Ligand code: GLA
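In the form predicted on its own, a lone chain appears below as structure tokens.
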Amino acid sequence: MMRTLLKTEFYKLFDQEPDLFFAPGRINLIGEHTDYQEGLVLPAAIPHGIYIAIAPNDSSQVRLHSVDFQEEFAFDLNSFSPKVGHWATYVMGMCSQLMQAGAKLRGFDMAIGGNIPVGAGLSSSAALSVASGLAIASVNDLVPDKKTLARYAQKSEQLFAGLNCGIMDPYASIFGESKSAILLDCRDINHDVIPIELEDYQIILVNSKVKHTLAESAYNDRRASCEESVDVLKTSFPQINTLRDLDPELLPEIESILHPDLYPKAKHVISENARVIQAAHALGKGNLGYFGDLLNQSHKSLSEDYEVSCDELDFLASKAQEMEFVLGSRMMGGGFGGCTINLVKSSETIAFEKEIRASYKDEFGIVPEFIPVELSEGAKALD
């Protein structure tokens, strides 16, 4: 078990007993590419995450050890800067955020380990930031509120890791609840808890095992096109601040205003926001069939309108949607690789995995990874 391994490694390295903390990764049930237009998302925490062991030391030094990479890193709290692309950057970023808020940190020793599948798009970086923030705050007798910690984690990734990310990932990691999703409003940063009973169905992620290189540039392009659409549409809808403020019923009029290159992107964001609300209502009422239909609609929109899917994700979603025991399937995350999220009848999971594995390997020569997930609680100190 990770916590036992961490404690053992920590004691061997630093010769003292640590405190333990955990922050989960997240899935996003629906609501893709809506967050940076102040939209709605429906994420949930999962059991996979980042574990941290920590204890203060009597210096200004921070000594880090990664169990997963079997690598050590150290820096001084009086002088440090980002090491972009390195796992230690996320710890440094959280130190920076706490210090900018006025905290006088003391040095500490930290061991880090996790069980989030690599490259699956389950927000391991946000989990690392959140777990680090909780741990560092604790050994310095600080108690930041949950929303503040989520904002620190977001700013840490933006300023130290250079990722222009939204609030969803750290927020879900912090506020997750068992057997529930979080209906998060990315404008006012408030949420409702949506209890979910999946009955005889299960959520299974299928990791495509690919990540195409145009993901980052495409993300920036899509974000820019949304902002350009808002600027154009303000002439006809002066009250809007983002695409979040537009209703799907207005799409015919919007299509007549926007350039053909812009309209499909705006259409996705506007319709996806509506799907999030519909999904929350469907799940709240136990209508899994309608929720599954919304997953399928979301994938079609992400693939055809927003154009952030890829051949591998389209293949996985299409194959799953053809199965009578699958209620819905879509790509999850930023796109161009990563996972699909699938709602599969529990009694048919072996058949689902067997058929997807064989067909995907035949088509692409890749063996996919299957990740069953439960909806779990958020970040916490461990006993």
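Position 1 is the first residue in the sequence shown; the rest follow in order. None of these values were measured; they are calculated from a predicted model.
Only in words, not in the display: the form predicted in complex with this ligand, which the text now covers.
When contacts are defined as a non-hydrogen atom within 4.5 Å, all of 31, 163 and 166 contact this ligand in the predicted complex. When this ligand is considered in the predicted complex, residue 334 lines it closely, a heavy atom lying within 4.5 Å. Proximity of residue 35 to this ligand in the predicted complex: non-hydrogen atoms within 4.5 Å are present. The shortest heavy atom separation between residue 219 and this ligand in the predicted complex is within 4.5 Å. Partner contacts here mean any heavy atom within 4.5 Å of this ligand in the predicted complex, and among 344-352, 53-61, 313-321, 35-43 they occur only in 35-43.
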